[in-house]
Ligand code: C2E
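The chain below stands alone and is given in structure tokens; this is the form predicted alone.
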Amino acid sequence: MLTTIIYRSHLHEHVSLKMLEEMVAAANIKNGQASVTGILLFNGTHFFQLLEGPEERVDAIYQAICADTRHYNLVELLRDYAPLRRFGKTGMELFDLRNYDREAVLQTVFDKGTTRYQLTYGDRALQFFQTFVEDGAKEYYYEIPPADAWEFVVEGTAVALPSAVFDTPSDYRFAFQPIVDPFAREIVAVEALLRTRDGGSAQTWFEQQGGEDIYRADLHSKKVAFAMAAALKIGPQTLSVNLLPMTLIKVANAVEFIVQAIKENGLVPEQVIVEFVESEVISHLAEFTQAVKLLKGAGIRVAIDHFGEGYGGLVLLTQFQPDRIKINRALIADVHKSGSRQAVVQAIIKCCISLEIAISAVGIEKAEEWMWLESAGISQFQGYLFARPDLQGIPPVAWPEKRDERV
């Protein structure tokens, strides 16, 4: 199958023009042998390259390019398929934009095209060329340092649950995980995550419940979460708990139960955030919206967890506006390398800024993910990079410190 990949990257300063010319000459031979076409634009700082040819061979060359240390901040912008090559000649051709007038180089690239219809019908690949040549997307380029520029240093000690609380005979427990603002070095909130007694997932525990008993069990588990939070002496710290959306609908007086459980454990409704999963909300939106009014009327804040996982996220933001969204892990995994994920996340950020909705990114595992998201405007994070959930209590946080600033 004929495959097209487009990427951009940043040339390291130590790479000379001669090295660049040698690189292009070697790529020309390698691409020709693999029946791969390469069109490379260079503006003195950034590369922009199109590769097209047989899928396996394009993938192999692209993986080698990703591992090349002469450039960094490599972002895949397009992976597409087509019946014919856009550029017929195999090998590699370099266009140094510093030596061309913008309109002239763009026309020169287009003149290399070998298919009849793409310019007429708005081909995406050629539109990417135009945007790069005209610097149309430069404001979205976030140049981040390598992962090892930061060291994550654990500060403080875990806050442990009293043994009497931890050893309760129930068939579930809660693990606690901080949500942090790394640059402010602040724990924004602590989330209580439902787990089986041996540490299994919430989904595993729910699967063990029967019929509609699942909703009553879900509701009553929150009373335990509040009691454990009180035993951890969280004080005025914000506490997040997860609730099945249908629990609010299926269990009578569910909101009153939650408010009473909060007060019984010395907490206040205003410090509690109730999180719902987007994909579970949309199927009963009208009933759920009414239930949320009761929650918010009691002073409890509402968040949409795993935002972007379901098909109705934007509908939710128009139907009712949560206080916070937590962007789904699938959207932010390796976001520093994916142009499509970057575009979606940037759109979410812009939308939430307009609506004054706070944003958290969850499931952060890599320093590069955190750095890119921080550059894009997100300041609150949750994930293994900073702290893993702890069944025994609240874990300490690993705060980022620049290596060249450490004594």
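All residue numbers are counted from 1 along the displayed sequence. What you see is a predicted model; the values in this text were computed from it and never measured.
If you look for the form predicted together with this ligand, you will not find it shown, but the lines that follow are about it.
Q: Please determine whether each residue of T37, E76 and K89 possesses a non-hydrogen atom within 4.5 angstroms of this ligand in the model of the complex.
A: No, none of the three is in contact.
Q: Counting only non-hydrogen atoms and a 4.5 angstroms cut-off, does E365 reach this ligand in the model of the complex?
A: Looking in the model of the complex, residue contacts with this ligand include E365, since a heavy atom lies within 4.5 Å.
Q: Taking 4.5 angstroms as the cut-off for heavy atoms, does F128 touch this ligand in the model of the complex?
A: F128 lies outside the contact set for this ligand.
Q: With the cut-off set at 4.5 Å between non-hydrogen atoms, does R324 touch this ligand in the model of the complex?
A: Flag for R324 set to no.
Q: With heavy atoms only and a cut-off of 4.5 Å, decide whether V109 touches this ligand in the model of the complex.
A: The answer is no: V109 has no heavy atom within 4.5 Å of this ligand.
Q: Residues in which of 251-259, 288-296, 154-162, 237-245 have heavy atoms within 4.5 Å of this ligand in the model of the complex?
A: That would be stretch 237-245.
Q: With this ligand left out of view, which of L194, I179, A303, V224 would have a heavy atom within 4.5 Å of it in the model of the complex?
A: By the 4.5 Å criterion, the partner-contacting residue is L194.
Q: Exactly one residue in F174, F132, F95, W150 has a non-hydrogen atom within 4.5 Å of this ligand in the model of the complex; which is it?
A: The option sitting close enough to the partner is F174.
Q: For a quick check, can you give me the residues of 327-342 that have a heavy atom within 4.5 Å of this ligand in the model of the complex?
A: Residues within 4.5 Å: N328, R329.
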